[in-house]
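Form predicted on its own, single chain, as structure tokens, below.
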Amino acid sequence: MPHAHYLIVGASHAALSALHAIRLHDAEGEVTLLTRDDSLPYSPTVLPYVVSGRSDPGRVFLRDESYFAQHKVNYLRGAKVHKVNAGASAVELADGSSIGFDKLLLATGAAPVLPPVPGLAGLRFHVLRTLADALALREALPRVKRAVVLGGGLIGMHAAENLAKGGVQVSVVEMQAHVLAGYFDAQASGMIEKVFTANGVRLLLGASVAGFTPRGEGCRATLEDGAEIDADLLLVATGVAPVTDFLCGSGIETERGVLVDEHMRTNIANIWAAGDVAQARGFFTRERVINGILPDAVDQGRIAGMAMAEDPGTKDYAGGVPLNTYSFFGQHAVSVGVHESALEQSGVEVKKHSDEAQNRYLKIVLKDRRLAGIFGVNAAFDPGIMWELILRAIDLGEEKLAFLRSPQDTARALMSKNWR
């Protein structure tokens, strides 16, 4: 049975960040990296641009073969893990082979969740989570005149925009009262919705599908209110969940995801988890949460890699802070941190600015003079700096009023003062 000192399952941001951290401290320890994909590593964030044609699918890879050769990494494609035997420190692959390990990182990410809508299982439909998904959707577009997108989150709205730009009549069906409900409040979402409507996208909000029936090569969606929508293409974008099915019987503790401590270690001493599959402590609460964003995947992967390599510089994970940037029809929206409803209300302050004519919106949430959340539509601020302000729990002190008036300039000044 092949054996690796470091075995990494997954090949996106968390896995690559861990690999980099390992190699900074241990240049020779044997590393094997497994991916269920048949390609080089890529970021799920690029997939909508592959669909639209803005990104060449042959040029989206995060690393190439020479990188793995240079860093002495055994990179195995098409290697899907079927089972983890923690007691024997080995993983079993779908093809029946096994690989042993001294230390294991689970960075398997997340997979689409399909809603239990009658008739869905018997249809041809698309999801968008892998490069293969993006290529299949792109190949289908030239034959599509009408599309239904089920779900008004980031994936669904990205897809709806690209379909509309391709001349497709698009209907988005979203159960929530407004789109992107996980990131923006109703006022900010309303500004985003206005842009989509102006570009011909039909938004059916507070609506749900009662059932699907096949119709030629496409389908008919029947809504709960009895309305019917015919489509040549159906995209299901109703959310994702951590990939943990292969852990059944492993002894690794899971809830929504794999439970980890402040160094991303599971309850098994030589097994770690990072990225979309990991359930780690939140920044604003001691409860462990899933925080499926790219910066957090990189941070968690780095911490896990350092801990696996026994790097003495390893620091505790500060906690998950949401961060999402979203571009649509030449405009942009940013969500960093949490809304006021997620906080204990003592010491909470909320400041809003909006300009409907310019489709501009800014909301700042403070907690005890510290930034807890900032949300904007066509508002000028650096999300990375705001993310660091929250993570470092910087007390705005006498700069609070200046920050509320001009968050970008004040944040930059605070950065130069505190982060040397």
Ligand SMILES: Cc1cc2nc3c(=O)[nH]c(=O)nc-3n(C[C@H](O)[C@H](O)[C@H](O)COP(=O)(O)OP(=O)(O)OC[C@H]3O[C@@H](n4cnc5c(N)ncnc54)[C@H](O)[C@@H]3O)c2cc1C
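Residue numbers run from 1 along the displayed sequence. For clarity, every value in this text was computed on a predicted model and none was experimentally measured.
Here the subject shifts to the form predicted in complex with the ligand, a form of this protein not shown in this document.
Looking at heavy atoms inside 4.5 Å, which stretch does the ligand contact in the model of the complex, given the options 309 to 317, 210 to 218, 106 to 114, 260 to 268? Contact-bearing stretch, as computed: 106 to 114.
Can you check whether residue 128 is within 4.5 Å of the ligand in the model of the complex, heavy atom basis? The answer is yes: residue 128 has a heavy atom within 4.5 Å of the ligand.
Find out whether any non-hydrogen atom of residue 45 is located within 4.5 angstroms of the ligand in the model of the complex, and reply yes or no. Yes, residue 45 lies within 4.5 Å of the ligand in the model of the complex.
Residue 155 within 4.5 Å of the ligand in the model of the complex, heavy atoms: Result yes; residue 155 sits at the interface with the ligand in the model of the complex.
Any chance residue 293 has a heavy atom within 4.5 Å of the ligand in the model of the complex? Output for residue 293 is yes: heavy atoms within 4.5 Å of the ligand.
Among the candidates 289, 79, 173, 201, the residue which, in the model of the complex, approaches the ligand to within 4.5 Å (heavy atoms): Exactly one residue meets the criterion: 79.
Which listed residue (63, 36, 363, 367) meets the criterion of a heavy atom within 4.5 Å of the ligand in the model of the complex? Looking at the other structure, the residue within range turns out to be 36.
Please determine whether each residue of 185, 338 and 359 possesses a non-hydrogen atom within 4.5 angstroms of the ligand in the model of the complex. Checked in the model of the complex: no contact with the ligand for any of the three.
Select from 208 to 239 the residues with a non-hydrogen atom within 4.5 Å of the ligand in the model of the complex and write them out in sequence order. Counting only heavy atoms within 4.5 Å of the ligand in the model of the complex, no residue of 208 to 239 makes contact.
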